[in-house]
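A single chain, nothing else alongside it, follows as structure tokens in the form predicted on its own.
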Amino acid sequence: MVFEEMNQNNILFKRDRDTILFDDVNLRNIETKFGTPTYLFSADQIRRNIRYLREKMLEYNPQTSIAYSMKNNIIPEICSIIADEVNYFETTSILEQKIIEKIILEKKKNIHIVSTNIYKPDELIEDVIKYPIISSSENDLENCHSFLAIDSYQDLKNIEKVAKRLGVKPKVLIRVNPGIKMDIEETIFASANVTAKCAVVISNIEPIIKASNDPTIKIWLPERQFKPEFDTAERLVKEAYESESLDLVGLHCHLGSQITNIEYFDRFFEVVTRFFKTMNEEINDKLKILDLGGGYPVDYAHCECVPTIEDISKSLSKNIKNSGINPDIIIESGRFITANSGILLSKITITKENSDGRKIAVLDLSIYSDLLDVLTAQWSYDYSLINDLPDTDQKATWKLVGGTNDTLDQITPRMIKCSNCKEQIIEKKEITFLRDLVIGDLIAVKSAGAYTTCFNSNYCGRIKPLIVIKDSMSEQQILRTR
């Protein structure tokens, strides 16, 4: 299954004589027509990713719905493409809500939302509560469901306050932090440990340990050194259940983003499914929905140890069965759906060499405004020369840097160790190309469709890159947006 998913990632790239095509698009034509830097997305690949994700999840978990996590890419045209494939969206802001409401008007389709932000201003809470009413009145459709994921005790009280004022009883989920032990060096984006800022931690771990068939569960569930007075998962579940203003329907959990260790998924699923079972026994089986958030990884570094969607789906199925529960499952995917559907096309503006003999190529992009994860998360992408490719396999190593004066504005792959095999995946600061680079060469940053465009800024007075979407199902083959 590893190779099948790797093919999913590489299907878009093909060589045509001395040029690399992306989704059958000649990137030199993109540069001529739109300039650089430019993001190019494949709508067909987005659809393939969603269908693959759904197929593998439903194969082992038939009661699963796919939700799109909007924060990773909120380009309205891309959200519209995704809305043809999924019925759920995870939102965190009023802007995201309005994008979905507009899509509903255009498509006349039921779309359900899960609002998850750590802080929800009254305006956002009100918009989410009114969402089913607005949607049905505008489209003559059945109500589109909306869910508020309660993140803290104060969040619960704020939602209660707005609900009382509106006289509407919103459906709510309690956002639960399982508080499992995680190696933060391996999981940069982990958010399921006891120190995480989001969700409320499971305070009493003894029922979970007792119910587990695996004695090593104690290693993964450290003793709680401090038990909050208000912000515990147990308390919020009971308070929401007893509230006259809230309709408790389930739990929301989130492991993190780009989790590459299958053990983390396995322990995460075990803890939250057993907690679901324990709490349901105390509140008369009120919990019907288990939203498991995201974390589903993309194989950026081409390491066969990255777990596949099938691996993850099997783990979930096993833990649901072992826990003896039968919830409706929601998984929220952002990165897996959009990452490999997009590239960032950039041009070399000038070349240099420094005193230690390294050759430097300056691109017309900036890490700060176009690829922020390289800086904030020491993230690494694949880079490919796409024009004037030689017939023979030559080797030339270059250091790529961004086009601003800032010292940190450079594409420097970090030292990555596979969390399973512990081997180093990237060992050098330079990137190897098939020949020496020259001014005017085009470089494609691969798998740049997630957590890139949402960080675009006008840092140093730079103009934000254009966004081009190639869609074989559109009468207009290429759409433009900024």
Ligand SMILES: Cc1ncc(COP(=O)(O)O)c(C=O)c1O
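Please read all numbers here as calculations on a predicted model, not as lab measurements. Heads up: residue numbers just count along the shown sequence, starting at 1.
Omitted from view is the form predicted together with this ligand, to which the following refers.
*Asks:* Indicate whether D370 is a 4.5 Å heavy atom neighbour of this ligand in the predicted bound form.
*Replies:* Although this ligand is absent here, D370 would stay clear of it in the predicted bound form, with no heavy atoms inside 4.5 Å.
*Asks:* Quick check on E270: any heavy atom within 4.5 Å of this ligand in the predicted bound form?
*Replies:* E270: no contact with this ligand in the predicted bound form.
*Asks:* Going by a heavy atom distance of 4.5 Å, is E332 a contact of this ligand in the predicted bound form?
*Replies:* Flag for E332 set to yes.
*Asks:* Quick one: does S313 come within 4.5 Å of this ligand in the predicted bound form, counting heavy atoms only?
*Replies:* Judged by the heavy-atom cut-off of 4.5 Å, S313 is well away from this ligand in the predicted bound form.
*Asks:* Going by heavy atom distances of 4.5 angstroms or less, which of S146, S323, S366, Q258 would be at the interface with this ligand in the predicted bound form?
*Replies:* It is Q258.
*Asks:* From the list R274, H252, H112, K120, which entry has a heavy atom within 4.5 Å of this ligand in the predicted bound form?
*Replies:* The residue from R274, H252, H112, K120 that makes the contact is H252.
*Asks:* Quick check for you: of 389-397, 217-225, 291-299, 354-362, which stretch puts a non-hydrogen atom within 4.5 Å of this ligand in the predicted bound form?
*Replies:* Checking each option against the 4.5 Å cut-off leaves 291-299.
*Asks:* Given a 4.5 Å distance limit between heavy atoms, list every residue of 29-55 close to this ligand in the predicted bound form, or none if there are none.
*Replies:* Not one residue comes within 4.5 Å of the partner.
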